[in-house]
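This document starts with one chain, in the form predicted on its own, laid out as structure tokens.
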């Protein structure tokens, strides 16, 4: 299949290009694109965009018809001609106005693409307004110990039975299938979830083939995604799979394909390759893992969704369920446990989630709305520039207005003239902004790690009507306001006053101009302070001690073609022993979870040696006997695991290690006291053989959790950690790969570095920091463009004064100070205004982090000083040139 050129640039080409040239031009650049795509797809797309822009020439632009009356058309042509001459005559000011507006519009279009993409997640579900996710907080002795998007399998069913407002419910749970066999193929890498039969009626995931009403009713029924059928199974006609059989390695049972789902939209929070009928979980013989999957209130391992009846209020459902809590959790109150359930609207599940165990990637509403505000700020800065420069040039244009009025021009005609000039500048800026957006699209996509395009601004699937309408209305209002204000100010001049030289600038006009300069710099300083705070917070998080050492830690993904239990443990032991003997390998271990992974928790952990038992909720990880030493965790008391502690049979394990937080939660006074004591977990007794110092399993956005380390290795979930010497990385990885292939033949050797994975938890914050810094720089640039124009205008208007002062003996330094002090006062005022606002906004942002920095005074001082220096450099360039000019020339000219 031939690669498709970028849609946006191609549409733009077809829009502007004359029909007699279009076929030839399009054919040439598409052919060039196809050739370049084989070598570098990214470069080919950029080059295609550039080629479209290159052909935006007068001879290729199609003629546009204007259905106007002859007189109106002639007048418009005259206005256009005069405006064009005026723009060309004052090139510097025209450049500043157009450049500022183009940058502002380009930034706005890029940010709104991102905002639309984030706001469009899950909006394609037709029953969105009726769908809710059941989420669960668990409190123990008054403290919240779990804030989870997963809950118990029985909740939805019980809500349907007890509360009339509930229409139906759907349970979703991951089903771990390592290998699927179909025909002669084995598929090892797929995403499988088990869902109730109501899934297809509640959510909008249409089927390409099969009956959505019955496809998931029977046990051992599965639906295959169109993407999996084509890419992993290699089937050209996915419908042909209907009725065929697949076999899962987990139970060796036959599963019948009862449906083919269409491709999942990119803006879905939930992605899957296989849908398994939920009834399969508890109807299979011998599958003890899911015996309670139909009606359970002990294992919070299921995502639950409910659909409310038309007009029902979810708060009513929450209140009614709160009254039923004691019925379904009769022993909770006696043990100090409180379960709280509430309903989260599906439309808020992506951006407004701070829950553990989310079903997919989540966004951050603060980042989205902050970026939108920044986009509007930058656009406002650009329009302020234009208004400021236009009104500041009033002295220059006063004579032009006076002469036009004396020769018969009415005020309305002058307004039309100045409006035409403003519209011309805005139209040029819009065209340049569109070109800039197309040019920077790939760079921006890499920055935000999304597949965005200019078409998303108006696409039905991704465009947020409210945001797009706001953007269009705001742009139109800004364009007209930036044109109307200067037009009304300039057209209001009295011709006689102007021609007699008695014209002076109004106090209100000067005040407005100063206010705009102050506002521009206040916004720029605010963004600058924000960038400093984000950068410091990220640096703080990545420099803190996590309680273990993950430097140069290579993580090998689990060998999927392996059996769990003793066979895997034997292979894993042999693999690690061999790897540890390799040169440049400093150690290796195997574990069920690694730092940065989401770790599941168990409830009802309690001590056995005291009469009043306080139950706790704790995370648990299976680790081998090398894990603690490899990660350099600190053992505070007791001992590490030994070979005797391990057994393939989970029921025969009876020793564990706890961390300090678990120690405190269980009520032990010291690590030494805990060693040798017993706890109840997984409904049986375990002996504490050691206590390790606290460590951060997750990012510093979360607090430290109580953790139980178990000598348990379930082969299908395990990962290998290998510490390597960075000086000899290529040859070390190659050697490890050979050993891996010998112990786990047929498995794909896949690896990554742990610090990269761990830091991905901060990806949203890194994105925020990068985008914030970039747009802060652009805001400063736009403000400086305006300041540059104003300082040049000021020094030009005061040429005579400067000449007289120099003749009377004033030095160049004193003249520079004289011309600069007014602007410096405005920048100082901007620092005072921006600082408290910036503190408040960044204080709110920092609340997302459990571990955070203090906002120091020097951040404000640095931002203020930097903006002052930039302003001085911009102003100084023009004022110094005026100050060192020969006064006789300037006086003669005046």
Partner chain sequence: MKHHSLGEFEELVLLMVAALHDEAYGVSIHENLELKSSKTVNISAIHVALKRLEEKAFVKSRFGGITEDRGGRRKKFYVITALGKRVLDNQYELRTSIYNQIPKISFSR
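We call the rigid core the largest set of C-alpha positions that still match within 1.5 Å between the two forms. Positions refer to the first chain, counted from 1. As the structure is a prediction and not an experimental result, all values here were calculated from the model.
This protein has a second form, the form predicted in complex with its partner chain, left out of what is shown; the following refers to that one.
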Within 4.5 Å of its partner chain in the predicted complex, all of 14, 24 and 29 (non-hydrogen atom)
yes
Heavy atom of residue 59 within 4.5 Å of its partner chain in the predicted complex
yes
4.5 angstroms heavy atom contact with its partner chain in the predicted complex for residue 849:
no
Is there a non-hydrogen atom of residue 50 within 4.5 angstroms of a non-hydrogen atom of its partner chain in the predicted complex?
yes
Looking in the predicted complex, any heavy atom of residue 862 within 4.5 Å of its partner chain?
no
Have a look at 825 to 833, 862 to 870, 838 to 846, 34 to 42 and name the one stretch with heavy atoms inside 4.5 Å of its partner chain in the predicted complex.
34 to 42
Does anything in 217 to 250 come within 4.5 Å of its partner chain in the predicted complex by heavy atoms, and if so which residues, in order?
none
State yes or no: after fitting on the rigid core, is the Cα displacement of residue 848 between the shown form and the other one at least 2 Å?
no
Following rigid core alignment, is the displacement of the residue 836 C-alpha between the shown form and the other one equal to or greater than 2 angstroms?
no
Core superposed first: is there a CA shift of 2 Å or greater at residue 22 between the shown form and the other one?
yes
